[in-house]
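Next come structure tokens for two forms of one protein chain, structure 1 first, structure 2 second.
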Structure 1
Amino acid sequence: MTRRTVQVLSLGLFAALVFYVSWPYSARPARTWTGLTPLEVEPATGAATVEADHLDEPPPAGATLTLVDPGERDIEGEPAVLARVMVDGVQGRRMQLRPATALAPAAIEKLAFSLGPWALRELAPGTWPSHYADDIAAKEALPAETFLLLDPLVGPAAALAGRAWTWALAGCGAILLLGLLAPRAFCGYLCPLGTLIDLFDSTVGRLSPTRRRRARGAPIGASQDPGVRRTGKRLTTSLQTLRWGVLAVVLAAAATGTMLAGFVAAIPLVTRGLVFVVKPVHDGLVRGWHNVPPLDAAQLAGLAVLLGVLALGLFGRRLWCRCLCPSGAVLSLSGRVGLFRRRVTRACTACTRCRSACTMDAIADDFSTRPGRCITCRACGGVCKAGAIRFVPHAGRAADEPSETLSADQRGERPRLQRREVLAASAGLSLSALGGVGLGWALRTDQAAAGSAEPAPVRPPGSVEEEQFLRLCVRCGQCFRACPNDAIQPMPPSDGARALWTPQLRPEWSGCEPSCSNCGRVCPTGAIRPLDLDRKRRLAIGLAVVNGSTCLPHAQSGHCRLCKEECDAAGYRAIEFIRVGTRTDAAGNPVEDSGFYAPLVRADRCVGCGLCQTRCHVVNVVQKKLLEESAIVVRAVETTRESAAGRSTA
């Protein structure tokens, strides 16, 4: 398998995980078959033959479903359950139903004396739906956040900043182990950003004038003057040490509790950029453009960063990977002890083809391998006419070809560092680290930069407390992709650098789906903890607050029941009505129908999902223009509390 094949497969897998597995809209709610006329009920067992008005997609034979009588409802509005039944067989529009467990005589009598129409439900009345959560669970053979877990910087930065264990550390360990076999193979084979950069470099990038000059053998800042050329070469070399500086800044800031990895680490950067550009287009085409939130500064900024990284390709191949990528810098560490390494034998004719082929500038003037740069792509071996380049196990080289190898230096052994270089490197790293500490401190203390969003953002369900959330969130954007209806959206630059791109509930666009806990499931660092649905439905992320002076019924300016309808339909039943403005007759008795039913939020039941706010906003504010802003808004809550849930969870 060639490297290109592996790259394409890896990019394909990455795209599948982000764009197929994390895509929520393949979910279908539990089905209901309505309009069933009971033709016959067997008096001994209650087995029934029913005929449907139409049956396009019959339930599978053997399925256990709930048979209900929609004509008879309890005080909560749920239809009466007749029996749990199994589908014995389907012929045309007719179905044979058999009670799943033996029925009491009274239940059989109820069946026999009901003439329908009945309905069959996959979901028993009063139970919570779970289709969004079920959908991703069914698709997730591999965790949707696999690549994010494997980014070698995500784990260490999150663990350091949050002082907490994260599974991304294990992913980092796995990739470092891979690096022991083949140095920076992750960059050369698996990294989707690296593959995109290769793709860009070999298509758009090759057309740039700078690259053309360089293709003729000139390094960055190339000039005909040998003196200037030397300067240019030094510039390239010093630029390539920048990634260590970036890494030092990120880790030092993490040590002070500020998460910067999200801005520059390879996988979060590419995930976020792609999510911000592919998601709106995909959703727009498939689900209608009205379902795409308007493009905002946060998305533009995320996209700009990705485009900027790709645009570096105009100045040199894999310039990002060579000079800036801090994730690559982490891998350079393991590259120094890699088991398989590039070797150059005496057959080398010094033709320099390999140096032109190398996208990573990993080949020194003497054709030896520069440590920490080779991504084991083996392009050099492919172009070498003399067959002088081999990738062999580190330990085996002395025994295999001792007499044929070049000098120790040319064989690619670690070049001895000059004292001056060591000093310069130490100084550079120290300065970067200091810079990182300073930056981290500034972001954490400066109110303007430290996420001064007012009111405090409502975080997705399962989020850790706000300070820890800011420390752990790598702004990868995966949660936005997994969220049905874009209930969570990235915070814009105007809310401060520290909060940039972190997810925030945007109830004026959409509320949090009760049947979904996808965001926590795809979060790579545990900023949003994975929650089972039962827990998610009880964990409050906010509290809905009614504005008594604008809410139509409270202000006695109109009847409205939108928020309560939404809350009841979702199953929380956290909004009650209270009568306001009741008129009394002469005897002091209330006048029937006088006054208004006004919403009252029960704090012990509200989880802050925001569905109420969405409805009030889209109808009363946007559509009917009755209000300036939603009369019910969700506010963040200080401490997460568990609500006393509405529905049963059977």
Structure 2
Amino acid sequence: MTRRTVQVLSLGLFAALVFYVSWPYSARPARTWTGLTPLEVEPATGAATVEADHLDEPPPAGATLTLVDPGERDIEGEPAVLARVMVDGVQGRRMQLRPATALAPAAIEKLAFSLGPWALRELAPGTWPSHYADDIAAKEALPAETFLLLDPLVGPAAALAGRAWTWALAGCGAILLLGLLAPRAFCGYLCPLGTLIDLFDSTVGRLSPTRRRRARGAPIGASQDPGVRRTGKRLTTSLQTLRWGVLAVVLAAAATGTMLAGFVAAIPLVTRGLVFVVKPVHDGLVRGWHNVPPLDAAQLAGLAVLLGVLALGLFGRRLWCRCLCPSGAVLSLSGRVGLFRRRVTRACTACTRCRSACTMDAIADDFSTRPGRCITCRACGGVCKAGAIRFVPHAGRAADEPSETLSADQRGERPRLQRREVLAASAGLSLSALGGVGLGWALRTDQAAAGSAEPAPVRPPGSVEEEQFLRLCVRCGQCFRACPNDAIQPMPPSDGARALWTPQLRPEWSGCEPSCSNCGRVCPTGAIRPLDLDRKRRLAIGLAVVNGSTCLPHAQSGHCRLCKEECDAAGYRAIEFIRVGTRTDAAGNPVEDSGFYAPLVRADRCVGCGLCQTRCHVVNVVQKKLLEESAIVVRAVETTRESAAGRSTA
């Protein structure tokens, strides 16, 4: 299997995990059939014949469903359950139903005296919907965040910044072990960003006037690779050691509690960029463009970073990988002690084809291998007509050449570092680390100032407390992809660089679905904890607050039940009505039908899902234009708490 084949398969797997497994809209909600008129009920068994007002997609024969009477309500306000029934058959708009289990005489009598219309539900009595959570669980043969877990920088940075264990550390360890077998094979074969960079370099980048001009001006015997030629060896070396400086800045900032890995680590960078590019187009084509949130500054910034990384290919092949990528720098550590190395035999004719083929500038002037740069792509061996290049165990030698015929460099032995080089590298890394510490503290100070001026963001359900959240979140964008209806959206640059691209709930666009807990399931670092649906429905992430001066009933300017209807439909029942503006007659008695029923939020039941705010915004602000902004908004709570909502149906 060729390297390109592995790259394509790896990129395909990455795309499948992000854009299929994490895509929520393959979920099918539980169906309900309404408008069923009872025609006949058998007094002995309770079997019934019903006729539907319309029956475009009838339930399948043999299905077990819940028969309810929407005209009657139980103590929780739910439609009264008549029986669990099986569908015996469907003829046109008529259905034959029979009880799934034998009914008591009282239950049969209740059926016989119920006039309808009835409804059939797929959900069993007392069951919350779970289709979004069930859908992603059914599709996850591999965790959706697999590639994020494998990024060698995500785990160490999150663990250092958050002072906590994260499973991404295990992924980092697995990739470093792979690097012992094949140095930097993740960069050469598995990394989706590296594959996209190779694709850009071989199509758009190769047309760059800069690269073509350098290629024409290359002296005879020098490298013909336009991506690795520089004005001098010293400049080349300096550029290619920048990645160590970037790595030092990221880790030093993490030591201060500031997460920078999400800005520059390979997998979060490419995941976020592709989510911002592909998700709106995909959702617009499949679900309709009216369901796609407007493009904002956060998305434009994420897109600009990804395009900037690709655009470096206009100046040199894999310039990002060679000079700036801190994830590659981590992999270089294990690559220096890898079990397999590139070897050059005395059959070498110094034709320079290997140097022209190498995109990582891993081949020195004497055709030996520069330690830590080779990604084991074997492109050099593929173009060597003399067959002088071998990849053999580190302690071994090329099979057809005795070791004494090779120079120390050609045998792959690490060259001794000069004292001046060691001192220069130490000074550079020290300055980078100091810069990372300073940058980390500066961003923390800036975030503290921004946070005091703006309302705290409402984080997704399962999020750890705010400071720890900012330490752990790698801004990968995976939760944006997994969230149905785009309730979770990225924070913009105006909220501070430390909060940029972190997820927040945007209820004016959509509320948090009761049947979904996908965001915690796909988070690679534990910034959003995975929750089962039962706990997620009780965990309060915010509190709905009614603006009495703009709410139509409170302001006595109109009747409105939108927020309560939405809350009841979701199953939380956290909004009650109080009577306001009641007029009295001359005797002081209330005038019948005067006043308004105004919403009152029960803090012990509200979970801050934002569905009420979404409904008010869509109807009263967007459609009817009665308000300038929603009259009920969700505010973050200082610490998450469990509400009373949902316990009766647990």
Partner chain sequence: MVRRSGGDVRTWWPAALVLAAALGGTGIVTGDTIESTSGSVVEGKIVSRDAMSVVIEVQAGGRTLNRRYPLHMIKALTIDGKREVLGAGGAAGNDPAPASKSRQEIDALIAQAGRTPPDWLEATPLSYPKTLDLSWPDRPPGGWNNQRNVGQYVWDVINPNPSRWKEGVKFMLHLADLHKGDPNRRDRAWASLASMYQKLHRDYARAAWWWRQVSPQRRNETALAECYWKLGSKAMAMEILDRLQTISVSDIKLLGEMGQTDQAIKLAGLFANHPGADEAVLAAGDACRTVGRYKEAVALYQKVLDMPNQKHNQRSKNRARANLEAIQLFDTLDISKVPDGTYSASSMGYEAPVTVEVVVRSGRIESLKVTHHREKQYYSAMVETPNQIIRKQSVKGIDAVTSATITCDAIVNATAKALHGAMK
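Note that the structure is predicted; figures quoted are calculated from it, not measured. Rigid core here is just the name for the largest C-alpha set that superposes within 1.5 Å across the two forms. FYI, numbering is relative to structure 1, first residue = 1.
So which is the form predicted on its own here, 1 or 2?
-> Looking at both, the form predicted on its own is number 2.
Swing of the smaller rigid portion against the larger one between structures 1 and 2, to the nearest whole degree | Treating the chain as two rigid parts, the smaller one turns 20 degrees between structures 1 and 2.
Between structures 1 and 2, C-alpha offset at Ala112 (rigid core aligned, Å) | That residue's C-alpha is offset by 6.7 Å.
Shift in Å of the C-alpha at Gly588 between structures 1 and 2 after core superposition = Comparing between structures 1 and 2 after core fitting, Gly588 shifts 3.9 Å at its C-alpha.
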